[in-house]
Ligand SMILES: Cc1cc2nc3c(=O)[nH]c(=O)nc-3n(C[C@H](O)[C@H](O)[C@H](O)COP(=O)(O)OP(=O)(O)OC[C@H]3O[C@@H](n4cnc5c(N)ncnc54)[C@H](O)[C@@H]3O)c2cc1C
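Presented as C-alpha cells, the chain that follows is alone, the form predicted alone.
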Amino acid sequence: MTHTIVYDAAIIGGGLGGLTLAIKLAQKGHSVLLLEKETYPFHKVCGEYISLESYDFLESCGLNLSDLQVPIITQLGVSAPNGTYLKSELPLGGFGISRFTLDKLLFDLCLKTGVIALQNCKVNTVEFNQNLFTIQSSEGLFKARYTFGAYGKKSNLDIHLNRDFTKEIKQGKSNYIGVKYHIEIPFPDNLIELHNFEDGYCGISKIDGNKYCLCYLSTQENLSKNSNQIKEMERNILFKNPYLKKIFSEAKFLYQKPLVISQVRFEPKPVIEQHVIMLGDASGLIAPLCGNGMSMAMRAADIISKIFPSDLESEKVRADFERQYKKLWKANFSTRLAFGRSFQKLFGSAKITWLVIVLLKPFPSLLKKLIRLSHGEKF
C-alpha cells in the first residue's frame, strides 16, 4: 500500500529521542510520521536514570514530572570488584523513571499533538531521490521531506544504509551485552550505585513506583565463559563483588527472566547517512558507566526542532541544515562520547578499578569534575 501524504518529517524509532522530536516538530505545526516496531508500553534495556538536564525539556513537551513524583537522585556510590567503595554528591543529579512508563506517556502526548504514530511498524528500507524520502515498511510505503533515525543501538536499517560499523563483527571484550531487571529492595531513594566486576559494571537506582532498576553491562566473552548462561555468569563473576552478591540475594525480582540485549558497541558513528539524520544511540552510544544517553537523545531532538527549516523543498536549505546539525552535534556530544569511551577503560579490571577508586577518594572535587564531563547543562 502506498500512502499519498508527503510528511514534513518521518521519524524511525519511538524511543526518547524520536518521541520528543515528534512532539516538538508537531508543536511547531509540522506534519510528522512516527514509526515504531514495538507496541507501547514495553520495556527497554537501559539504566533508567535520567540527568536533570532534561527535566525542563520533558515538561515543555507536556509531561508533568512533578505530578509523577519521580525520585530525585542526588548521590552516587561506586564500588570496585573487591568491594572498595566511594561515595559522592552528584552535581546536577538526575531522576528515575521506567521506560515502560515514560515512553508510553510520551507516545500518548504524540497523539495529542497530532503526530501520526504507528506501532508494530517495522521499517525495511529508506531511499532518498529527488529531494524526497520513500520509506518501505510493514504498513506500506510512506513519503517524507526529511527522515530521522532514532531507532537505538542497532537496526537492520544500519545494514541497509551501509553504515561502516556494521561491516565488522567484533567479538570478545569489545562486544557487550546488557541485562536488566526490575526489583524490590530496601535502598535509598536518592542514591544511584555503580558496582564494578570483571569486565563490566552494574547500576541500581529507584524508578517510579516502589521499584528499582538493576541493569548491568558485561562482555560477550564473560557470557561465553559461563556456558552462555546469564545466571551462571552472575554467580561466577558478578557475585565476586560483595555489594552485588548482597543485592542479588536480598532483592525480590519482578521479572521471570531478565531483559537482554547483545552486540552493544561504542565506536563512533556518522551522524548523517544518505541524508537520514541520526539522533540518540543511532548517532553514537555513550558508555553506560557515564549514563545520560537518554538525555543526550532528547537534547539532539531539541537541537533539531530549533533548527528545522521552514523551506522543506530546497536542496540548498537541506545542505545548510545538515551542516548546522553536524556542527551542533559535535559541539554538544563529541567530547562527552570520547570521555565516556576513555573513562570506561579505567573500569572492568579489578586492579585498575580499585586503584582509580582509591586515588579518587581523597579528592571529591576531582570526582565531581569527572561526573560533570558526563552531564550537560540544562536545556
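Every value quoted in this text rests on a predicted model; they were computed, and no experiment measured them. Throughout, we count residues from 1 along the sequence that is shown.
The same protein has a further form, the form predicted in complex with this ligand, not shown here; the description that follows concerns it.
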Just to confirm, with a 4.5 Å cut-off on non-hydrogen atoms, which of 304, 271, 157, 117 contacts this ligand in the predicted complex? 157
Partner-free chain; cross-checking this ligand in the predicted complex, the single residue of 146, 142, 151, 107 with a heavy atom within 4.5 Å is 151
If we take heavy atoms and a 4.5 Å cut-off, which stretch out of 308-316, 61-69, 23-31, 44-52 is in contact with this ligand in the predicted complex? 44-52
Distance check, residue 10 to this ligand in the predicted complex, heavy atom within 4.5 Å: no
Going by a heavy atom distance of 4.5 Å, is residue 37 a contact of this ligand in the predicted complex? yes
Going by a heavy atom distance of 4.5 Å, is residue 121 a contact of this ligand in the predicted complex? yes
Although the partner isn't part of this model, could you tell me whether residue 212 comes within 4.5 Å of this ligand in the predicted complex, counting any heavy atom of the residue? no
Just to make sure I understand: among 213-229, which residues lie within 4.5 Å of this ligand in the predicted complex, judging by heavy atoms? 215, 216, 217
